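The chain below stands alone and is given in structure tokens; this is the form predicted alone.
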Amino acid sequence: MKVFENLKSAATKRGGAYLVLIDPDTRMGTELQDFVEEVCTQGADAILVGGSLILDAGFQSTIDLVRKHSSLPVIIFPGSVQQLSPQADAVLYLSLISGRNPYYLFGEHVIAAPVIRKLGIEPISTGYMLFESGRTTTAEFMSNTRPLPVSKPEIAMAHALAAQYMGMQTVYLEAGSGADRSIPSSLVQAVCGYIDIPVIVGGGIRTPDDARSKIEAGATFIVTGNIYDNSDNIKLLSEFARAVHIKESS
């Protein structure tokens, strides 16, 4: 069974699936190894690796280290076509459908497709939707696109439905790395009730209760990342996993 099918099955069984994002710019070496081992033992369902801005040439070494120490699927969350590796199990094949920059709608995909095929990693077709979150995020700045308003759910619903009709496997509702606030659960509920494909929600989720509210609103996958930049928060890994796995904790 493919990676994405496995994750969907896990989400169905557990009530939701929890994905932890690792940014190669913020964690490396022994610290990275220790963190990966913690993630794998505290209930997460998969590890995402990537970021909108990679400040050094360490992406490949990061993937290698994560793969070596992970018992979970390793999925690339790419910021560019340079962020690909045969050590990953899959890659989110992102199309930034919330923006109108053709390079991120389809341009990089033509370059990346033959590479992904050659590497033999699984592409997960993903409609990526960036939302306003109280500050200019790295994803917004680097993509040169305008985020969707959270106050107009009908706009988000139409974008998500278009992604479904175009054959995408999932949509990713993203507040952005380091967002001041997460996407409102009411908006998540509106989108999830309007489409038939799984919904990923990430960005600005800082508490297990917030993660749980988005699962209860219909999200299939929850992603957290920046919260663990503070080592004191690593103890929250198991709490987030329990909050997302609502069928196991109810």
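Start at 1 and count along the sequence shown; that's the residue number. Because the structure is a prediction, the values reported are computed rather than measured.
Only in words, not in the display: the form predicted together with ligand 1GP, which the text now covers.
Quiz prompt | Proximity to ligand 1GP in the predicted bound form (heavy atom, within 4.5 Å), stretch among 32 to 40, 58 to 66, 220 to 228, 190 to 198 | solution = This holds for exactly one stretch, 220 to 228.
Practice problem: May I ask you to state whether P123 is within 4.5 Å of ligand 1GP in the predicted bound form, using heavy atom distances? | Solution: No, P123 sits far enough from ligand 1GP in the predicted bound form that none of its heavy atoms falls within 4.5 Å.
Quiz item: Looking in the predicted bound form, any heavy atom of L21 within 4.5 Å of ligand 1GP?
Solution: Result yes; L21 sits at the interface with ligand 1GP in the predicted bound form.
Practice problem: Report whether the minimum heavy atom distance between A179 and ligand 1GP in the predicted bound form is within 4.5 Å. | Solution: Close contact exists here: in the predicted bound form, A179 approaches ligand 1GP to within 4.5 Å, heavy atoms only.
Quiz item: With the partner left out of view, is Y104 within 4.5 angstroms of ligand 1GP in the predicted bound form by any non-hydrogen atom?
Solution: No, Y104 sits far enough from ligand 1GP in the predicted bound form that none of its heavy atoms falls within 4.5 Å.
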